[in-house]
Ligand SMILES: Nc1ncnc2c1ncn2[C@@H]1O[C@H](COP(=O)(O)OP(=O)(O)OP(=O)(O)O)[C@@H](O)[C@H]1O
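To begin, one chain is listed below as C-alpha cells, in the form predicted alone.
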C-alpha cells in the first residue's frame, strides 16, 4: 500500500485522481492545482509518491531546487515529444516519467514500482471487497457473512469479515457470537495498530473465517476514525486472501475510506422503486463524485424473482449499469438462519440463496486468481529518458 499526491492543472487532475482511486493498494493523499500548495501539504505528511503535471512545472521554475531536495519519489507527467520535459525531469530529480499520451495505461504499474510503500516492501495483498447499499434492509449483512464463508471454502484461503456498521453492526449476532474484543477495543487509546494486535482481536467463527466485530455500544463509534480503518484494512489484507467489509448506509468518512481502499464494491439493491432510486443516486456518487471505474462497482440484485413488478432488465436500464449478480428470494431460510445465529450457507447449504452465493464466490475467486497470475509477471524496467525517445503509437 502507498499514498499518492497529485499536483496538476484542473482538467487532468480530476482524471488522474479518479485513476489513482482505482489502483489496488494506492491511497490518495491529496491533490492541488497549485504546485506550491502541493509541496506545502506534502511537507506536512510525506506521500509515497508525488505526481506532477509538467504544465505546472513550467509555470514554477523557482521551485525546481526545492523539488529536487525532497525525500519522497517524484514522477513527472509530460509529453514524450517535448525535449524540454526531459531536462525539467532531470532538474527536479524525478524518479520516473509518464507519457501524457499513455498515462492511463501506464500509471498503475509505474506507481507500484516507484512509490515508497507504507510497509517498506511490496506484498501480494488479499482482495478487499466492500458490501454496501444506500438503503437498509436489503440483505447486506446476510451477503457479507455468507460470502465470506463461501470465499474461504472456494479459495481455501483465510477470510476476514470486518463489521464497519460501527453503530448497529449485526455480523457477530448473525454467526451466533458475542466477541470479547471489538473494533473499538482494538483502537481505543491507540495511535497505531500492529499485526499482532489485529490477530488477537479477530474471532474465528468458521473454518478459515474470522470476524472483527462492530462496537458493542453505539456511542463507542465516535472514537473510530478513517485512519484507523485504513490501518486495519491493510493489516487484514496482508494475512487474508479476502477481506469482506460490511458497511452502514451513507457516505461517512469511515465508509469513504473503505470505498477508496477496496478493490471491489458490491452495491446491493432489491427490485423495488424506492431502493432503485437510492441505489441510482449511490452509483452517481461513485462514478461522478468519487470517479470510481465501472469495473470496481458491481451491482448485486437481492431477492431476484420477487413479484414486485420490476424486472431485472428494467433495473439495468434504470441504473444504466449491468447487474453483475442475482440472488434469489429464498423464503424463510435467511430469517431462520439469522434467528438461530448460524450462517445460512452452513445451516441450509442447498437452499437457492446459499447456492447462488457459492456461485458468486467461485466467480470472484477465479477472477482474483487470474489477476494475481497476471500481476506476477514483472514489467520490463524502462528509464524515463528511454520513454522520451520512443514515438507514441
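None of the values given here were measured: they were computed from a predicted structure. Positions refer to the first chain, counted from 1.
One more form of this protein exists, namely the form predicted together with this ligand; it is left out here, but the text below deals with it.
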- Message: Quick check on this chain: which one of 141, 155, 275, 255 has a heavy atom within 4.5 Å of this ligand in the predicted bound form?
- Response: 141
- Item | Listed residue that, although this ligand is not shown, lies within 4.5 Å of it in the predicted bound form (heavy atoms), from 250, 137, 84, 322 | 137
- Message: Using a 4.5 angstroms cut-off on non-hydrogen atoms, would residue 353 count as touching this ligand in the predicted bound form?
- Response: yes
- Within a 4.5 Å heavy atom cut-off, is residue 53 in contact with this ligand in the predicted bound form? no
- Query: Could you tell me if residue 130 has a non-hydrogen atom within 4.5 Å of this ligand in the predicted bound form?
  - Reply: no
- Message: Considering non-hydrogen atoms and a 4.5 Å limit, does this ligand approach residue 165 in the predicted bound form?
- Response: yes
- Here the chain appears without its partner; judged in the predicted bound form, the stretch of 41 to 49, 27 to 35, 61 to 69, 327 to 335 with heavy atoms within 4.5 Å of this ligand is 327 to 335
